[in-house]
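First, one chain by itself in structure tokens, the form predicted alone.
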Amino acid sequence: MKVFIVGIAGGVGSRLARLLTAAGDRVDGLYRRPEQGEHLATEGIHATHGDLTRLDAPALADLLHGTDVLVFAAGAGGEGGTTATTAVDGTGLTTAIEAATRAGIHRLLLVSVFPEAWRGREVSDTFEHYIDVKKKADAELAATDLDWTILRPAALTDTPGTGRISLAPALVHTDITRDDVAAVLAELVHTPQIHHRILELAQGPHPIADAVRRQTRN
């Protein structure tokens, strides 16, 4: 299986690339800075240099040739303010959706965010804009004819993964390690029967494979 990861150099995308490569999948993805590509190469991960905000849909579609699953794990991460968030998390997804359609790719997995993330805390206008853009991106993807899955992780941490999660259409917002988000995505990539689903993800009691398998029965 070939998986193309938009945001392959990011905290979740790079972890996912390592897991899929280790599982024997063919992996490609989009990175923006040359040093990111060099780092990925040292880990044996193939990736393609390109700026999502500068590619149009036909150009991105050309890079997706032979892809079975497209994973959109890109995010501005607060850098560049509202302009960058709109360009990457919003317009970037629009470009990816059109590119997938042009390239004949049916499956698209989107890494999104809890809509109520950090409610109860004082947050900036930039953060509110981020949440708004993410919500609109979810709605845009859900309106397509693609076999989409939207994964909404809770607050991300860099602590080692536990391998145990909660995965459901609605959860209380807590936190989740990037290791575990990547592992859940890897399971979802290999579970095509889960589609047209929005799933929220947080730390919990269930082994990852079991938690994903349970969603095939819903």
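Position 1 is the first residue in the sequence shown; the rest follow in order. Nothing here was measured: the structure is a model prediction, and the numbers come from that model.
Absent from the display: the form predicted together with a small molecule. The rest refers to it.
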Proximity to the small molecule in the predicted complex, single hit among 32, 39, 46, 190 (heavy atom within 4.5 Å):
32
Which of these residues, 88, 141, 133, 100, gets a heavy atom within 4.5 Å of the small molecule in the predicted complex?
88
At the 4.5 Å heavy atom threshold, is residue 161 in contact with the small molecule in the predicted complex?
no
Taking heavy atoms only, is residue 62 within 4.5 angstroms of the small molecule in the predicted complex?
no
Can you work out whether residue 56 and the small molecule are in contact in the predicted complex, taking contact to mean some heavy atom pair no more than 4.5 Å apart?
no
Answer for residue 171 alone: is it within 4.5 Å of the small molecule in the predicted complex, judged on heavy atom distances?
no
